[in-house]
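One chain is shown next in structure tokens, namely the form predicted alone.
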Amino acid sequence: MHTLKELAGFIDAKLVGNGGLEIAGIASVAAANGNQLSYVISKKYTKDLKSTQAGAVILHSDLLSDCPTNALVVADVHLAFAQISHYFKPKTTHFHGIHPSAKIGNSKIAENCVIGENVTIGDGCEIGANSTISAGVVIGNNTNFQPNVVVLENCKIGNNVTVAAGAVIGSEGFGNAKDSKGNWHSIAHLGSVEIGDNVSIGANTTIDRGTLEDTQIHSGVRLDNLIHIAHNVIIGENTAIAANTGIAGSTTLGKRCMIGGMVGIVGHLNICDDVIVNAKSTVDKDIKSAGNYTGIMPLMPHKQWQNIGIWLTKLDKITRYLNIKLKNLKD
């Protein structure tokens, strides 16, 4: 634990409130309790700030009047959060073999696997050769890992899950803040990954852990090979995603969606249930209505894209026709 006064010193913040308060962790402004620190980047989150139960909040001076609790006032909230997050990141301990504290049911563990401290593995599982399961991971029953799977600290995996070779679950998310000199400062990702039941994860797919809360893959999801799912993404039940798709941080996909290959989905979006996104599309805005979408150009309903596509194929003929008309007018 650190006192609020110590934390203020770490990030050169102005302390407003009880400097002796001990802080045990970091959480979102909506979820934090009295022994946790939170942060608010902009006025967009004023409503959550006013009702927060956090012990203290990192914020800019223009939000101080809306803060009902202790505050650490800084000029750059994002940078301050990046710096302070590392003080709460658990230390990783490396271990070879199977740790004596691991609880392994009636399951098969192949050669050269690493099973960390306080890992729990249910019955009927098969863990492929050279796989690594780090401290605190919980795995349900009848789950199958092919060789060279990596599951990092404190991730939770349900029952009847299949994970293909080379997949990485719980890797550090891609979060960074830039200082006034243009230098990048990484953000420690303190959340985890939670995977439901009957999920299939393809080869060399990567699922990043959440920043403060968990990345969530709900039951029945199908993930192809070479997919990247960033921090804090939520994927609804029975959604299927094809290869080479990338989903940026804090985006939520609904239930029963089908995402084609090489789709790019930007961050902080909400995609409703029963959406189809065709291959190579770029999704750059919320999708609020179920349907079939294509977005190589700006995303639009698929039927509209089909009409535009017809005109695009005729542009050469239209241009020649207009040039002939223009020439006749000049003559």
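Residue numbers run from 1 along the displayed sequence. Note that the rigid core is defined as the largest set of C-alphas that superpose within 1.5 Å between two forms. This is a predicted model, so every value here is computed, not measured.
As for the form predicted together with a further copy of the same chain, it is not shown, yet the points below apply to it.
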Proximity to a further copy of the same chain in the predicted bound form (heavy atom, within 4.5 Å), stretch among 206-214, 135-143, 188-196, 69-77: 206-214
Residue 322 within 4.5 Å of a further copy of the same chain in the predicted bound form, heavy atoms: yes
Residue 285 within 4.5 Å of a further copy of the same chain in the predicted bound form, heavy atoms: yes
4.5 Å heavy atom contact, residue 292 to a further copy of the same chain in the predicted bound form: yes
Partner proximity in the predicted bound form: residue 278 to a further copy of the same chain, non-hydrogen atom cutoff 4.5 Å: yes
Option touching a further copy of the same chain, based on a heavy atom within 4.5 Å in the predicted bound form, out of 161, 223, 119, 84: 223
Contacts with a further copy of the same chain in the predicted bound form - residues in 2-29 whose heavy atoms fall within 4.5 Å: none
Rigid core superposed: residue 33 CA moves 2 Å or more between this form and the one not shown: no
Flag for residue 55, CA shift 2 Å or larger between this form and the one not shown after aligning core: no
